[in-house]
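One chain comes next, on its own, written out as structure tokens in the form predicted alone.
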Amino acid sequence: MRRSTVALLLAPAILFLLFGFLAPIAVGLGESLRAGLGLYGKIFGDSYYLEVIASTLALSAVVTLISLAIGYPYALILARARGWRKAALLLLLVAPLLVNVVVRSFGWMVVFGRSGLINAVLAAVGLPAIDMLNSWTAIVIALVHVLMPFMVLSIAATLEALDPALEEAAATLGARPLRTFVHVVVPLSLHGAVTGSILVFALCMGSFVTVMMMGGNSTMVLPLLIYQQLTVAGDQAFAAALGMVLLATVVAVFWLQGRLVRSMRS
């Protein structure tokens, strides 16, 4: 294939990345540096903003770990299922993605509200009501509900690509099913787990609507803080600086995650 043909085929993707991704980042970086590095000094010199960054990282890490813990068994069952069972499991998995994020969040608000489903069940059995809305627990559950499909599909794709002969060989050599799973299946599916973790973590770091609706005024993460700086304070430069910090934090976590995976493989 000629170089001109290759360049022509790649041109749409390159233009999309240039104007849809790199250009906004360049504009945001320029806006945040318009008055020098003072805005970054304000962020890293104030304990409040550091706590917001730490809370954002903690929320994303917890959601990723829970999604991995729940999603791996689901992915294993999905990869081994056949026929209508596989289709049913897949439909059940992707169903949350078919619902608008606002509608989905309202649904969870109904479940967790003071007069919601959970408290109705507790009242029916004579237990006192609990207020789960506007809490980190409600946010984590709602985020896991919508982000777990990305984890499951990533892992399931890797599991389905595994050669069944590898497990059969391990069984032939005397390995029990649990040992085969730990020493054969898990290492070979590590790539899918890492890919799913990256997707879930990145999407959770940028989650805004679910956090705002489920957490109310009692929670604060970087995306919500950026929104407040744009709409309430009207400080575009500071919002841009917070956005650059959010981007740099995600990139740094991905770099550390890549180093960890390479060290585990070596």
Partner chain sequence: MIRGAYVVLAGLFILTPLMVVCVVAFTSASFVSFPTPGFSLRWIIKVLADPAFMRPLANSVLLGLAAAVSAAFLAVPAALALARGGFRGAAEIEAFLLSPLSLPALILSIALLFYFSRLGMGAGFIGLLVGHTVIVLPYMLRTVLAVARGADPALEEAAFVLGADPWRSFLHVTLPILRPGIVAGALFAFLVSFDEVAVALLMSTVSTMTLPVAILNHVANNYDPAIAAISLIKIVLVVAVLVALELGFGLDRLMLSRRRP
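Residue numbers count along the first chain shown, from 1. All values reported here derive from a predicted model rather than from experimental measurement.
Not pictured, yet referred to below: the form predicted together with the partner chain.
None of A193, V111, V184, M132 but one reaches within 4.5 angstroms of the partner chain in the predicted complex through a heavy atom, and that residue is V111. With a 4.5 Å cutoff on heavy atoms, T172 does not count as touching the partner chain in the predicted complex; it lies far away. Heavy atoms of L247 reach within 4.5 Å of the partner chain in the predicted complex, making it an interface residue. Of the heavy atoms in G28, some are within 4.5 Å of the partner chain in the predicted complex. Contact check for P73: a heavy atom falls within 4.5 Å of the partner chain in the predicted complex.
For the partner-free chain shown, G206, F208, V209, M212, M213 of 176-213 come within 4.5 angstroms of the partner chain in the predicted complex, judged by any non-hydrogen atom.
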